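To begin, one chain is listed below as structure tokens, in the form predicted alone.
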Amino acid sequence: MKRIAVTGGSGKAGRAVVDDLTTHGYDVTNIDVAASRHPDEPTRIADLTDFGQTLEAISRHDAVIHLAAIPAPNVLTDAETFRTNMMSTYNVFSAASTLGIRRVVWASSETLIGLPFEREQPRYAPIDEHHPLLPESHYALSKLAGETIAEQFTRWTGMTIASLRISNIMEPDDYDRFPGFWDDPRRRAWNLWGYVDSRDVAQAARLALTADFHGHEAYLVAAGDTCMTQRSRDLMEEVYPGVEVRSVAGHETLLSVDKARSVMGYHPAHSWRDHVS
């Protein structure tokens, strides 16, 4: 499995994924509607909401990492966000099935678990993959639809699909903003103070290509810690005093990556604490 199609390879996560795969010896094609920032990384321009373009773009590859999407709520209208994300994800799964590609890794989202926690509180923390799915936006709803489609394609075809429920993606330059969060824990409580370095997203995507599982599985992908200086248990007691807090130590993440650790061998290697004194 050496030829990998990466959709959305020009984006924040995509750039890190393309770099990581290339470093590890994979032959990578970036498929996007926008050209890569790196002139030595050619981009195959394709609109993935069009099935024919999707089929042609990912042909002659061994696996697909599907990151292309409207990346958040309120970028486009609700209907266009849902249409774009749902159709592009369906087209990638369907094209992969048609072409006999057996492994797809794609960017689902932490938002499925109820983010932002305004209408309802989390049921418990650290949150894991068993937490109820409570999409609060049309963006999150598109990710829920994607996971449902993934479940059925794996049942129909026997292909393997990993849904990475990725936390709020950060690059090193973003960490300069973190001290602005610390005075008011409620400012970043919307996702239980979670984040993930783009390089760890890339690690997770690469590991999911060869991880030993079958069918469809979802994995939370987050940093190993929170974005805060306060202890994780103290944050929960201050902002969500009625929520059950299970085993958590120090500044440990409240978005559990235990499943990704045990199945894929994922170990978050990057923290804002290495950049901000």
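On a predicted model such as this, the values are computed, not experimentally measured, just so you know. Residues carry their position along the shown sequence, with the first being 1.
Keep in mind the form predicted together with a small molecule is missing from the figure; the text below concerns it.
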Go through 208, 69, 220, 227 and name the one with a heavy atom inside 4.5 Å of the small molecule in the predicted complex.
69
Contact with the small molecule in the predicted complex, heavy atom within 4.5 Å, among 239, 245, 55, 34 goes to 34
Contact flag, residue 203 vs the small molecule in the predicted complex, heavy atom cut 4.5 Å
no
Taking the small molecule as it sits in the predicted complex, is residue 12 in contact with it (heavy atom to heavy atom, 4.5 Å or less)?
yes
Test of understanding: in the predicted complex, would residue 139 fall inside 4.5 Å of the small molecule by heavy atoms?
yes
Is there a heavy atom of residue 47 lying 4.5 Å or less from a heavy atom of the small molecule in the predicted complex?
yes
Tell me, please, which stretch of 150 to 158, 172 to 180, 126 to 134, 108 to 116 lies within 4.5 angstroms of the small molecule in the predicted complex when heavy atoms are compared?
108 to 116
